[in-house]
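Consider the single chain below, provided in structure tokens and representing the form predicted on its own.
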């Protein structure tokens, strides 16, 4: 189905556990940069959350998957607006007993930022290989593997898969300070990171877990950004954490 966000149609899919109760927690699950809701690791995490008794609302952000908008024009501001629209929709569902956000890579960054903004509406966050360095690199002029003058951002940036991005992506990212969002969120957080992540150095996961007030860090030895080698370790960690949150609130 689709959710309207200021005229942009966001593609979402809602699933409940097979033995769903009348009321249950719901986790919104967001993919990463260039990603979509049908990726192997996204589907695996979805199944892990269902196994823990959570309903799952997978959402594709602006310019990705089947959602509206052009990838070229997407920015973190647009993704944050999307995330807030999906949160509003989830809060309107009468079966939801608790609301969580989970995101991978740029989706993890979006979850961290939305968590700070909606700290009073969310019961927990799951950050998977969170790309928390994007704003920092944009301010340095080192984004997407490119070198540019951060004071004179080019009109067009090249993503690693050949797609183009407007320079506004970097302009928006430069204004964002992840630390403020982390400090604003007091609830439980799970951070999962492969210690051989080639896209987002593992230190960003470690630093986030240290900065959050109530965080658990799970490192996946020998694994990559999308968990190519030990995905089952990721899903085990997600299921265990989600079950713990569900039981704590019961």
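Numbering follows the first chain given and starts at 1. Small disclaimer: the values here were computed from a predicted structure and weren't measured.
Below, we turn to the form predicted in complex with a small molecule, even though it does not appear here.
The small molecule in the predicted bound form is approached by residue 105, whose closest heavy atom lies within 4.5 angstroms of it. For residue 225, a non-hydrogen atom is located within 4.5 Å of the small molecule in the predicted bound form, even though that partner is not displayed. Proximity of residue 62 to the small molecule in the predicted bound form falls outside the 4.5 Å heavy atom cutoff.
Among heavy atoms of residue 133, some come within 4.5 Å of the small molecule in the predicted bound form.
Shown here without its partner, the chain carries 33, 143 and 160, all of which come within 4.5 Å of the small molecule in the predicted bound form through at least one heavy atom. Contact with the small molecule, judged by heavy atoms within 4.5 Å in the predicted bound form, is confined among 135 to 143, 113 to 121, 174 to 182, 85 to 93 to 135 to 143.
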